[in-house]
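To begin, one chain is listed below as structure tokens, in the form predicted alone.
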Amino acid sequence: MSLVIADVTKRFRDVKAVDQLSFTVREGALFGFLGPNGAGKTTTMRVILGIIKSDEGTVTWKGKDFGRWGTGFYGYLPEERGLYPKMRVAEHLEFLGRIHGLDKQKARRETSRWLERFELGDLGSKRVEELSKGNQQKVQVIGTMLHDPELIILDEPFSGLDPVNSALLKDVLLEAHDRGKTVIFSSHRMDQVEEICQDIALINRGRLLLYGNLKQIKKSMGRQILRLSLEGNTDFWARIPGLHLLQERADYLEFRLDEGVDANRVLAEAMEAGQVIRFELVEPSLDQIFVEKVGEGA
């Protein structure tokens, strides 16, 4: 394991922001760090990086205390803006590259390459404050990755990005993974986590609720979600005990089946009610797992 968080606790006066938290992140993983607002995600990230000190517990990277590695091996994207608004974009990025160990020529070369990669090549001479929020976020992502760190920690990296730029960032994270980088990020967009991440940790009130391989977690939940598209009487389901409507979309209805509900009976009833276009039993989405587990831990 590359990153080991062991029994970490952080208090702010009478509030435990992080409470005996333990999990590991394997080398080269795409890791989703999840939780509702105020769960302790940002505090945990800051403890990992040594920005704030924990009251208890340890954080190690490749078996050695995290703080003994220096700063050049990781990149950190904070949730809040961490840019100097009066600096010009290219100048700012070259500065960040230099303080993370790049020489002047390489910092300039990498800045140019990354600006082109994020479709910002014509904005290098602009001041940071002149950019849109989305472009500022892209500049901040570049600053995090410019020096090619081994460990990349991103706090809400998709914040402020439109779907096109979200897809671009997703590709960049997958490319980093392909190069063997360890990527940890938090997000409120469960669909993005589900598309990208292999492993997750879900916390609430500073405590671990769920942790492990995402595919295995979803598999363990069983195929208790039914997606049904029907041309006919779509109210038929109300007479079937143990069938609960989760959402009604334009293209299908989604239900949760209680344990013991016979899916074949549901199908037979649906066929009696009209023409079945779609009938699919699936594992719960990460969004559904998130809501259920946070509700249980409330």
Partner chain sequence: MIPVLVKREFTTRVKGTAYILTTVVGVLVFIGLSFLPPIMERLSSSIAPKHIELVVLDQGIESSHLPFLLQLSQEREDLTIRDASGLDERAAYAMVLDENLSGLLLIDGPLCTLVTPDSKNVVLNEEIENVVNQAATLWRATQLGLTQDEMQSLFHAVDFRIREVAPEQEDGREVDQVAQTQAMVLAYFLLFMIYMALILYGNMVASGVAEEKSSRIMEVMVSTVKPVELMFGKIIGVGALGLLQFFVWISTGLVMTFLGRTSFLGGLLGVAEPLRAVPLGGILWFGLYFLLGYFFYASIFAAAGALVSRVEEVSQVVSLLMMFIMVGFFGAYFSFLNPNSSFAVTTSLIPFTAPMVMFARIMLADPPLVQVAASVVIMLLAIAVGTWLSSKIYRIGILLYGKRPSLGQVARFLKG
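Numbering follows the first chain given and starts at 1. No experiment lies behind these values; they were computed from the predicted model shown.
One more form of this protein exists, namely the form predicted in complex with its partner chain; it is left out here, but the text below deals with it.
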Report summary line: Note: exactly one of R227, H100, K181, K218 sits with a heavy atom within 4.5 Å of its partner chain in the model of the complex, namely H100
Report summary line: Contact with its partner chain in the model of the complex, heavy atom within 4.5 Å, among Q198, S132, T71, S112 goes to T71
Query raised in the report: So in the model of the complex, does R81 come within 4.5 Å of its partner chain, heavy atom to heavy atom?
Result: yes
Query - its partner chain contact in the model of the complex: D162, any heavy atom under 4.5 Å - result: no
**Report entry** Heavy atom of Y76 within 4.5 Å of its partner chain in the model of the complex
**Finding:** yes
Query - its partner chain contact in the model of the complex: A273, any heavy atom under 4.5 Å - result: no
Report task. Go through 252 to 260, 236 to 244, 45 to 53, 28 to 36 and give me the stretch that gets within 4.5 Å of its partner chain in the model of the complex, heavy atoms only. Result -> 45 to 53
Query raised in the report: Does any residue in 123 to 146 get within 4.5 Å of its partner chain in the model of the complex, counting heavy atoms only, and if so which ones?
Result: Q140
